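Presented as structure tokens, the chain that follows is alone, the form predicted on its own.
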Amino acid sequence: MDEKKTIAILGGTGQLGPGLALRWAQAGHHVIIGSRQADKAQGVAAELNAEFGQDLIEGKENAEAARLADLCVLTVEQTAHLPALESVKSELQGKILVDTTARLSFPDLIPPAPPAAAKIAQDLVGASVRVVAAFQTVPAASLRKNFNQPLDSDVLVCADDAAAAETVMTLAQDAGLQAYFAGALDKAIVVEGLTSILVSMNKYYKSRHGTFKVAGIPAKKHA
């Protein structure tokens, strides 16, 4: 991607956020780690900068991170999904929100009932926010390991806005992943179900790196 963006990773101190932050910083984007507590976000940002070897990532409270960003990525635990959205609703207006939430029921891991988490987010934040569902099936542990290398994992992207989907697929590519458009936002419920299957498989085979790949569809370069 020629145009570099300021990306806020809201709730970015958990498992998925740090790996995405390192990969997008590597690609030249300005990354802000967001958290409910600014000091926690700053601590994780400092840790990632040390890992990266440069001070390219900063940490701020979620609302401030969202306000400063061109695009926001929500990576909170599923129990924090609605509270996090409520806390940054005004700062998200006019922007793209990438919702990575996959609701998992432990210990049985039964796929969730519709609507999709991203559809719930869209209804909550309103039509001026373009919500895109993505990154649910990407293994967080693999993202952070060897973050400067491509990852053999595909991203399924669901959105009602084609331009927003294209932007997110390009960002996935910047992170060393291949992305595929998987349909409208309502279809993200299927991706959540696939995530429950993937977690079950990883548990059965004692792995943290299992993922899904798309076969039979030529990869497309997004720019």
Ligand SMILES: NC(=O)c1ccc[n+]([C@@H]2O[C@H](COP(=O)([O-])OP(=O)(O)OC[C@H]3O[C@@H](n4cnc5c(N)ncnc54)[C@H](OP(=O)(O)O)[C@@H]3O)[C@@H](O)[C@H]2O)c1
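Just so you know, these numbers come straight off a predicted model, no measurement behind them. Residue positions are given as counts along the sequence shown, with the first one as 1.
This protein has a second form, the form predicted together with the named molecule, left out of what is shown; the following refers to that one.
With the partner omitted from this view, the residue of 140, 109, 71, 120 that lies near the named molecule in the predicted bound form is 140 [heavy atom within 4.5 Å]. Interface residue among 97, 102, 151, 125, judged by heavy atoms within 4.5 Å of the named molecule in the predicted bound form: 102.
In the predicted bound form, none of the heavy atoms of residue 19 sits within 4.5 Å of a heavy atom of the named molecule. In the predicted bound form, none of the heavy atoms of residue 167 sits within 4.5 Å of a heavy atom of the named molecule. When the named molecule is considered in the predicted bound form, residue 78 lines it closely, a heavy atom lying within 4.5 Å. Remark: residue 36 counts among the residues lining the named molecule in the predicted bound form, judged by a heavy atom distance of 4.5 Å or less. Figure note: of the listed segments 171 to 179, 156 to 164, 28 to 36, 45 to 53, the one touching the named molecule in the predicted bound form, with heavy atoms no more than 4.5 Å away, is 28 to 36.
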